[in-house]
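Only one chain is included here, represented as structure tokens and corresponding to the form predicted on its own.
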Amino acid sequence: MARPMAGSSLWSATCREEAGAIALDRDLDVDLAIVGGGFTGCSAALEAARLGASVALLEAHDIGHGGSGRNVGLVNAGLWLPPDDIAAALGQEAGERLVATLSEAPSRVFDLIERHAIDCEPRRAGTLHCAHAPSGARDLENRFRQGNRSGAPLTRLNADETRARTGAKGLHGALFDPRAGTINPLAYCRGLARAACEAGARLFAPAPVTRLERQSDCWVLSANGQTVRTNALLIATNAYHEGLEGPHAPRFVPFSFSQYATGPLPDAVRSDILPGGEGCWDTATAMTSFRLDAEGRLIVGSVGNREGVSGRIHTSHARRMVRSLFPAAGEEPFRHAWHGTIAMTGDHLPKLLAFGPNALTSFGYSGRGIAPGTVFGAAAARALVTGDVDSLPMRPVTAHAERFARTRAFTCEFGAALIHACGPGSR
């Protein structure tokens, strides 16, 4: 087996989009400053520029450096939580509003891709949420009932239908969601950034913010020795917040997810794996994802940090998963391997935090960053630029805390390593 390339992301290797970010070399006065160049920040920059606002986006590394450039690339409708749980947490009216908003979020993503000709391998073939065990099939039955009751066009598949749709062995059924699809997430993020620049926004990278404070009637940020003064501020750093502590800092449990990609599969092997092009994930506690890219590379992912102390366990698990699900591809070497950090919240709901005058933080998508990040970023920009807070997908809170975040993060990683050490049958 070929050794995985350390830190070699398939998305960066195949991305053909250029973000258009430049060096910050002067002081600025703008209507809206955005910290963070992921889905949320780039979507916000595009929307604010479209509304005629002057925009400065500051990214500490490269555009898409964080989770936006490291995730699976599934454009999902909704959240990880089923609709009834969302309503129980937020109240019926607020829950139904969020569910309805995120139901349409994949359409927003694919519309932006088409409108701005973003070269990100878009394929709206739907997703398959797969049952890894009989208990998973019961969970999917519950999600099917709740989803269809809330208007989601879900379809149940039995084990034989799932085998035909995926080519995978050992699955016990699936839920098909036609609203969803797959993309190269890094290319999508950089395409949003490029579109924002074309609309008049100014994106700066690398431009790590080293100071943030409220002065009189504006916010003042320092980066690269320059000062940015702004009427409104959006913190869009999510799980990759660096340096700046304070009430604006996202509070979450960091949750690692690692991915591995083969080279393009031989035609005879590729034809039997996901012939319809769906993206997949399963119901296991230590969730596994699998999909193909446009060139027929098989991409598998699972919970855990491949660069941490349990990295060899996670890598061995990924190898076993390929052999278990797709025996014909079992000896295909991994050519790329990478991992990212997910911002998990205790209730698995995203957060909009209002931490000062004309200032918001958006974070905590709990593994559903593409569509929610796109929608939350655009809505936050509209609210900050126009004052239209009614367009926000959920009510902002003024404080959010996550107790024992480090302990819970360690528990998640340790649990994933233990499950992966026991093999695919113990998922």
Ligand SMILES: Cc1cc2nc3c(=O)[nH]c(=O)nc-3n(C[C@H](O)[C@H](O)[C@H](O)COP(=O)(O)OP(=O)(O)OC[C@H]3O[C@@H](n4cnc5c(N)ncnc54)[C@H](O)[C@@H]3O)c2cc1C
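Just count from 1 along the sequence shown to find any residue number. All figures in this text were calculated on a predicted structure; none of them were measured in a lab.
This next part talks about the form predicted together with this ligand, which is not shown.
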- Note on the structure: Contact with this ligand in the predicted bound form, heavy atom within 4.5 Å, among Val72, Val99, Leu140, Ala318 goes to Val72
- Just to confirm, Leu58 within 4.5 Å of this ligand in the predicted bound form by heavy atoms? yes
- this ligand contact at Thr166 in the predicted bound form, heavy atom, 4.5 Å: no
- Message: Taking any heavy atom pair closer than or equal to 4.5 Å as contact, tell me whether Ile370 reaches this ligand in the predicted bound form.
- Response: yes
- Query: Any chance Ser150 has a heavy atom within 4.5 Å of this ligand in the predicted bound form?
  - Reply: no
- Look at the stretches 359-367, 379-387, 48-56, 397-405 and give the one with heavy atoms within 4.5 Å of this ligand in the predicted bound form. 359-367
- Task: Spell it out for me: taking this ligand in the predicted bound form, does every residue among Arg202, Thr230 and Ala232 have a heavy atom no farther than 4.5 Å from it?
- Result: no
- Message: Just to make sure I understand: among 18-47, which residues lie within 4.5 Å of this ligand in the predicted bound form, judging by heavy atoms?
- Response: Val35, Gly36, Gly37, Gly38, Phe39, Thr40, Gly41
